[in-house]
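Structure 1 and structure 2, given next as structure tokens, are two forms of the same protein chain, each shown alone.
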Structure 1
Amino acid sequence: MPKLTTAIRPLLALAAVAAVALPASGCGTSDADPERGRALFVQKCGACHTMAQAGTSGTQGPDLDDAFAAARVAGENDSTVEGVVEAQVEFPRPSNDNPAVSMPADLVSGQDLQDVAAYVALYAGVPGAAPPKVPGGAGAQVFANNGCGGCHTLAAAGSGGVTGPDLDEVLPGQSAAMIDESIVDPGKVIAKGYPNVMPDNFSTLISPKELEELVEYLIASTAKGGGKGG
């Protein structure tokens, strides 16, 4: 996908196509879940795209706040933005060896795509959009910003994701080093009964300080978690 300076025109052109396709694509349907879409966006899209509400700062693809702010100024509404997002994900530009000018096909599909599109439509380019503030301190905010609750259950965070292990069950007894490794190298040890779908780019999405805060939060939140030793 091209940089911002060349991205806005294709976005607006796709908006016209998407507006025609809206009835068939299901955009704006009541079963879309923007909150779940946020978690998916952080995991699947945040490494390449900046979006303030998602707390992501990827630079390989367009800054979606800048790109869709221009689209909104041009009169595009949320439903049309959903259509643009769906069209770009379903029909990305042909992939090549330069990730700055292409996007992989099938990043999300089906209900996942509807949820991501609904989320982007709500917040991309909206002035003042920022990650939701949550109680629990800095680590809790890192957990929320990175969509961890979309895949994991953690009572302290009020999350009930089931794609990944229940953190209240698996973290007690683990050291800080073990938890840290499970975040930055999730493929090293796969939890039995769960697919290997956890993103492997959290080491670039989360700063070292934020990672430390997140690990400390997870240990404290699961009560019986291990100490800070390795």
Structure 2
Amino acid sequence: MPKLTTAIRPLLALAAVAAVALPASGCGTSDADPERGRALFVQKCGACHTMAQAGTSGTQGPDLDDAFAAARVAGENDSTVEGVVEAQVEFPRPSNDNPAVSMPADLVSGQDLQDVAAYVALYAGVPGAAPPKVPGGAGAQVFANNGCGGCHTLAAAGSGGVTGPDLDEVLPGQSAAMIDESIVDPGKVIAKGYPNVMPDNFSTLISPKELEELVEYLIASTAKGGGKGG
């Protein structure tokens, strides 16, 4: 057995728990949708966890590439990683005696949890994993990395989400400041006829530079007839 670092030891202990728990709960991996899991991961986990394929850089929790790279080297496979993730989300280990800095339980459950676990199992700790590259420049990449297209239609991105407004329809005529506010503070003004479900943590997930690139991209790709003032 390779020498275990302190980081991997608790993970393997969790894996043992998962191995016992999984047969009972059934490993419904065949119905899991990792792409959906990616969008959920970015929203629910990315503020605390770094993971290269998700493009997230949270630091409150462990870097999941580091955590699972060690586990993979130790011979753990995707389904074990999936079990570890499910166990941690359902029964998070307190990181120390202060609950304020621990991972909250049940951030996702049911199908959402299966999708997130399947996603993490596919990419965490996999050498060279990176967000899928999209055409259209830096702002397009920010849009893709953060799963905006899962909820919004935007022709330039080829996305067809319907949970939120069609951006091709609502953005023309809006200023950069208005769009910026819609992204970082979505609860402030709720678009008429839509639920208040847009994640409110993009200001922690998206750096100021990325936000600027994203807003520029949204303006450029929805402006009909080109050049307009801010």
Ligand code: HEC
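Whichever C-alpha set is largest while still superposing within 1.5 Å between the two forms counts as the rigid core. Every value quoted in this text rests on a predicted model; they were computed, and no experiment measured them. Structure 1's sequence is the ruler for residue numbers, which start at 1.
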Pair member that is the form predicted alone
1
Against the rigid core, is the Cα displacement of residue 183 between structures 1 and 2 at least 2 Å?
no
If I align on the rigid core, how far apart are the two C-alpha positions of residue 192 between structures 1 and 2? Answer in Å.
3.5
